[in-house]
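One chain comes next, on its own, written out as structure tokens in the form predicted on its own.
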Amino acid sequence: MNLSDSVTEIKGIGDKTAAIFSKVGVVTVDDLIHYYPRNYKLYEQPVPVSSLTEGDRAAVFCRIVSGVAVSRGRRYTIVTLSAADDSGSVKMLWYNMPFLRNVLHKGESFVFVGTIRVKGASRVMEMPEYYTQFNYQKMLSTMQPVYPLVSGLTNNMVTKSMRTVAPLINRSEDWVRPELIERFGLIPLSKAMYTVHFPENKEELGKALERLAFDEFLHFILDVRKMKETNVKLVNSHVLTSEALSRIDGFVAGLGFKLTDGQKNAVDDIMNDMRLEHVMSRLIQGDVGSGKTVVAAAALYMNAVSGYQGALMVPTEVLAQQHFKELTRIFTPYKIKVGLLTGSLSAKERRLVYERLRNGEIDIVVGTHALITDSVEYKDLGLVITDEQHRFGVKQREKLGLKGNAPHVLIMSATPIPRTLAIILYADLDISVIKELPAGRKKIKNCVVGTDYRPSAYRFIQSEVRAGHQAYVICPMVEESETVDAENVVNYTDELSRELGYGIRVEYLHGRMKEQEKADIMNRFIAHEIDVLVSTTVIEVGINNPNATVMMIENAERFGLAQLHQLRGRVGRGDAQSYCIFINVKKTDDSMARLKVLEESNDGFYIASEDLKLRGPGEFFGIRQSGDMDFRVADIYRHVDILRMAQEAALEM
């Protein structure tokens, strides 16, 4: 078997299973080897029930002290039982597993493994795994990888296939010079690749993740440097006309509000770049809600008046639709035509947009990845803007740039990256920073609270909804479940509906939904057909609903500060006072210290700097916080020291 072979060469994978693997981008054996776990289950010695606190993932050895009850909820069959050891009792709860009444019986003892929630005076373990004492002994001190999944793909299918290709993993060739590996104290690539799938302990896994993060950063930096060398040589064939330069002040005045100093400076930077000898490659880095879209609109206006087409690429269909509506409103008085191109358009609608782009009938097109498909041709593309850059890789960025005759490239990012790191990550770009918020925006009021505050938070959400506003509730991923984030969000939605009471419309949103389904729910939320949206972090990217005034984040300690700040940015976008409630489940001194940074500041750049100080490079577990950026393992906040190592290695290579 070779790395380039189809996964159908692996024993047990036929055409049907291969089709499921292809949904997660695994087509070849090499794809499978690079399909890394998103987390790991640790199996440790059972602890007394009395020692369990909310948020702990632990094992308990208990005797079942009740019968197994099966009831039907609104969306699920619910199985419950009570179990106890000498120190206390715990309620076990499963969804859609009615067969358990034939497996678990009163009087029997099992090791139950799961995450604890405290409800009133009771401890509850949701969706626990269960083992006989003998079988659990064999699991002790092992680490089981948990892979990202889609419908039809199970963790067992991935791990079984991975064991089959393990000999090939051990033969992975190293592409980094031995002296660099030795100098930076890294392990060989083959060992890192093997360990990430089959870890023996935390220490070995930490070394493996360090090496893989190093490689990802190094590839990224080398790609960026290659792009920079290419761009420096590209002659500007889309120079702004004198008419565009003379009309920009009138356009800005017609917006109906004053630009901040940061916005003015960014517009000036763009105007100067687009007049120079070589093409523009610029990053606009602005905090959440700082008004980057207005700067993009000014750039698109100057480009259109000069007679060139512009393209704005965003990561989601909902965001594309929002930008399309807003830009259409802004540009209609100037007779500048705006088009929309997304994956959900019908074949007929797409063909019409392709034709209008080719003929130059569309001046500005807004879209998702659909903008870089082979079918899209432009008459004269002069400016490419990518919004939320951290969601696009270097290759995608490059592909969109190649669509025209060396168009100008403008990148916008709300990810608050400290300047020292931004210079490394965006070595091919000039950087403009927007620090101020537009006039009239009220600062978000923040509070960090424990789980005992939940009832008060629910009452507060009720009062805001009754005042005509809306709210978000964010749930983190449930790592113990093969249904990943969906189940936790759905269950929480049921519970919250009961708590908030009749008349308050609660819906859920998660990453497992189809793109159109997600778009429909977000559009209904924006149209105020939903009062409270329970969601995973899928909503963090640029959704604009000025009527949403409350953001409540469950298990806030499990997220990075930078991602929490991004999530918080979904509120505070209108005139009304907005609030963010961080529920700190663990209540440790460390988690309180981290979350207090958010309670005391709304400045994303300050928060990002503090995140670097508080986390450090040795922390490898938990929810990723810096978006995609071509990285599967590397994280710019956790692995900052490794990023600097990779920069040093890139200079030598």
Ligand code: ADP
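Everything numeric here is computed off the predicted structure, so don't read it as measured data. Numbering starts at 1 and follows the sequence shown. In this text, the rigid core denotes the largest set of C-alpha atoms whose superposition between the two forms falls within 1.5 Å.
Beyond the structure shown, there is the form predicted together with adenosine-5'-diphosphate, which is absent from this document and is the topic of what follows.
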| property | result |
| --- | --- |
| Close approach of Gly289 to adenosine-5'-diphosphate in the predicted complex, 4.5 Å, heavy atom | yes |
| Lys138: touches adenosine-5'-diphosphate in the predicted complex, heavy atom cutoff 4.5 angstroms | no |
| Distance check, Phe257 to adenosine-5'-diphosphate in the predicted complex, heavy atom within 4.5 Å | yes |
| Proximity of Gln263 to adenosine-5'-diphosphate in the predicted complex, heavy atoms at 4.5 Å | yes |
| Candidate from Leu500, Met143, Val294, Val79 lying within 4.5 Å of adenosine-5'-diphosphate in the predicted complex - any heavy atom | Val294 |
| Listed residue that, although adenosine-5'-diphosphate is not shown, lies within 4.5 Å of it in the predicted complex (heavy atoms), from Asn544, Asn155, Ser344, Thr241 | Asn544 |
| Stretch in contact, per heavy atom within 4.5 angstroms of adenosine-5'-diphosphate in the predicted complex, of 334-342, 184-192, 438-446, 378-386 | 438-446 |
| Partner contacts for 569-600, taking adenosine-5'-diphosphate in the predicted complex and a 4.5 Å heavy atom cut-off | Arg573 |
| Flag for Gly574, CA shift 2 Å or larger between the shown form and the other one after aligning core | yes |
| Core-superposed comparison between the shown form and the other one, Val314 Cα displacement 2 Å or beyond | yes |
| Did Val252 shift 2 Å or more between the shown form and the other one, C-alpha, core superposed | yes |
